[in-house]
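In structure tokens, one chain follows: the form predicted alone.
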Amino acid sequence: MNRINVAVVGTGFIGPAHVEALRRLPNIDVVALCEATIELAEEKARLLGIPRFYVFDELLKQDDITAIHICTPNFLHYQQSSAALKAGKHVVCEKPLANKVEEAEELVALAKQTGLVNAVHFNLRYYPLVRQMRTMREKGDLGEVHSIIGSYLQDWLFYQNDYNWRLEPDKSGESRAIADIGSHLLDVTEYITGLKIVEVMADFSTIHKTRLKPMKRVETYSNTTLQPSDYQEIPINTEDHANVMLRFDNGRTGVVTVSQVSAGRKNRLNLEISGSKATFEWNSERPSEIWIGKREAANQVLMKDPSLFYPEAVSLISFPGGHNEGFPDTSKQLFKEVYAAVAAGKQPENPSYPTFADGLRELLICERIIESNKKQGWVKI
């Protein structure tokens, strides 16, 4: 088995999650990381046990590195993904692929031109129950989709002094809650149902009109409280909460709610899809079961068990029934498919994993949702 050398760019919350997942693949060596300064890169490399560390321009010069994972703040995704492709590296990029549709279109075209493997980290597709629901829908178990109700709720920005770079539009883009976690919800919705969103109607709410920005370095999700003098009050212009009505290409409708200020909801994506034969309901905080609703028969709860799944979903399961698999496993399963393509040396014609084109799709939907909120009316995708 030929080994593949990989580097990770950015070591905030999600970068180390990529490192951990990559180390679980038998043919992958995470040999380098990259940070904004060489001093920070050295510090993080030591903490993560990675032998080599660079700033970005130096990383691109390393001929023995085959693939690069872009895990930096959103505003860097376009330029770093573009530079990595031009340097001949396969690229896995965190979502969003870029901050503007035009930038994402350029990346899709560049990736196609180079033929290099390109993927976006829409890892929530890789819960086994998500693929099982998609397969059940494909095999007719759901019937025609009648309606969709979805939500993605978190509480990590509940307090005024909760802070992160995602609150700053110059780094994260014009949308926050929708772009950050709503993109996962919308991607999973289209992935499971096979439908396309064709029109949106959105309404945003900013709960904290100002927030307290720490003037000292604080790790995201660390729940650290500083002295009052250590904060600076700044205005907030992106949404804490959003409601979006959806119209699909089969003529049916849906509604989703996204919030980062819902107390007690740590990371809860919930999706309920009603069809002409049954209803599927799945919750990411209980990822190993789906509820299947019936009109004239007993409702069911299907547990994650490879002996009970369709073969198309079994490939995402590494352990027997009753042995729970969770968030870290989704990245491992996504990267397993991506690196099968990297080993072959090129992007497949019909990849099983989410690509730059999928990243462009979600960015387009997000921009139309932003436009709808501004107009307070329906906007076509």
Ligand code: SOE
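Keep in mind it's a predicted model, so treat the numbers as computed, not measured. A residue's number is simply how far along the shown sequence it sits, counting from 1.
The form predicted in complex with the named molecule exists for this protein as well; it is not shown, and the discussion that follows is about that form.
Sole residue of T257, T279, Q154, S172 within 4.5 Å of the named molecule in the predicted bound form, by heavy atom: Contact residue from the list: Q154.
If the cut-off is 4.5 angstroms on heavy atoms, which of these, R166, R247, K100, K213, is the one near the named molecule in the predicted bound form? Residue within 4.5 Å of the partner: R166.
With the partner left out of view, is M136 within 4.5 angstroms of the named molecule in the predicted bound form by any non-hydrogen atom? No.
Is D180 close to the named molecule in the predicted bound form, meaning a heavy atom pair under 4.5 Å apart or at it? Looking in the predicted bound form, residue contacts with the named molecule include D180, since a heavy atom lies within 4.5 Å.
Examine Q113 and determine whether its closest non-hydrogen atom to the named molecule in the predicted bound form is within 4.5 angstroms. Looking in the predicted bound form, residue contacts with the named molecule do not include Q113, since no heavy atom lies within 4.5 Å.
Is there any non-hydrogen atom of Q232 lying within 4.5 Å of the named molecule in the predicted bound form? Output for Q232 is no: heavy atoms all beyond 4.5 Å of the named molecule.
Residues in which of 103 to 111, 295 to 303, 82 to 90, 180 to 188 have heavy atoms within 4.5 Å of the named molecule in the predicted bound form? The contacting stretch is 180 to 188.
Would you mind checking 319 to 343 for residues with a heavy atom within 4.5 Å of the named molecule in the predicted bound form? Only F327 sits within 4.5 Å of the partner.
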